[in-house]
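We've got the same protein chain twice here, in two forms, each standing alone as structure tokens: structure 1 and structure 2.
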Structure 1
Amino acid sequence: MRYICSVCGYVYDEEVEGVPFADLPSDYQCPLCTAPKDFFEAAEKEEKKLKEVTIDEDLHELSNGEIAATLSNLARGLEKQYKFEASKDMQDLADYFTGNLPSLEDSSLEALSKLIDEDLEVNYPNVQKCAQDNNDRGTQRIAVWGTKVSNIIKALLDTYKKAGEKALLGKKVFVCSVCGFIYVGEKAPELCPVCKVPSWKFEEVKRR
């Protein structure tokens, strides 16, 4: 039996490892992205049924945060095409909208967990389906990366709920500047488990 990490795609093959997945300790973590054991899924697990969402009913005005995230992603895309001046202009716009974010009504861990669950259960699956139906490979990649990043955020939130500040004791927090993957450890991974960029693309998050 093979089990796949839902964050980075690492495969645990019982035949190769010689230990049944069920016999691994409860604190087992993915060796690549540190996702916990319960984020692994059996390779032949059935695909989850998607909640039906029509485009018309899901239309809404973008918030400043959504605009900032979109512009920031466009800036990175332009940078990859070596259009540095246009990339800087796009990032300047993103920074403007980031600087005008309204204060959150509820910034609790529970509220954030609820938003992450909604992304994983509804939003990203429907974006993926829509992209597949329209043969949009770029958006499919965004949905795949977004799902993996949201999964690791969910894992980190669960860990923080249980251990509090001890979860970060003696560790640093790194964020991939390309896909947003979050890594907690002594140093950034050699390669991003999600988008495979090198460690120098990671930025350390400093405490204020």
Structure 2
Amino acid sequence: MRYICSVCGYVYDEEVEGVPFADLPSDYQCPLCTAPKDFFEAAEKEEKKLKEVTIDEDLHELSNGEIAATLSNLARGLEKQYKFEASKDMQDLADYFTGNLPSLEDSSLEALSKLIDEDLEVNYPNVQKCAQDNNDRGTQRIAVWGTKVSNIIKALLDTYKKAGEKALLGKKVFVCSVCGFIYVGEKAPELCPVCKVPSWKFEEVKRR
């Protein structure tokens, strides 16, 4: 039987490894992306049923947070076109919105985990399905990356909730500047396990 890491796609093949997956210690981690053991899924599993959502009909106005992300995405676009000054100006506009976000009613690690879970269980599967139905390959790619990255965030939050500060003691935290994958360890991985860019595309999160 084969088990697949839901974050990076690493395959654990029982025949090759000689150890049944179930017999691996509970603190087994994916050798590529460090996702914990319970983030592996059996290769031959049944299709999960899609939890459908109804989308608000009058949802046209973008929220400030969405505008901020849209503008900083445009800033990245300009950077790719080598228009560095325009990119900086666009980023300034984005930062205005980032700095003017309304505060949230309840913020807690629990609430944050809940948002991520909703993305994984409802939002991304619906986006993926809709993109497939409309043959939108770009959105499909983003949904695949987003699902994997959200999975690692879920794993890191779960680990933190269990082990506390110990989980991060003496370790550095890196973010892939292309897809958002988060890596906790001594140095950034050779290749991003999600989007496959080289290690120099990782940013280290600065300590306080």
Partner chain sequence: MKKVAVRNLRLCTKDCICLYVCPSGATDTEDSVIDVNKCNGCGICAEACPSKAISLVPLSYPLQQAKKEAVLKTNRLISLSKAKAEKMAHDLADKCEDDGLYCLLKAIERSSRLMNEDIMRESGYMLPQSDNAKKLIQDIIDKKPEGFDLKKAQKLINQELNND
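Everything quoted here is computed from the prediction, not taken from an experiment. Think of the rigid core as the biggest set of C-alphas that the two forms share within 1.5 Å after superposition. Residues are numbered by position in structure 1's sequence, first residue being 1.
For this session: Sort out for me whether 1 or 2 is the form predicted on its own.
Result: Structure 1 is the one predicted on its own.
Problem set entry | Rigid-core frame, C-alpha of residue 70, shift of 2 angstroms or more between structures 1 and 2 | Shift of 2 Å or more: yes.
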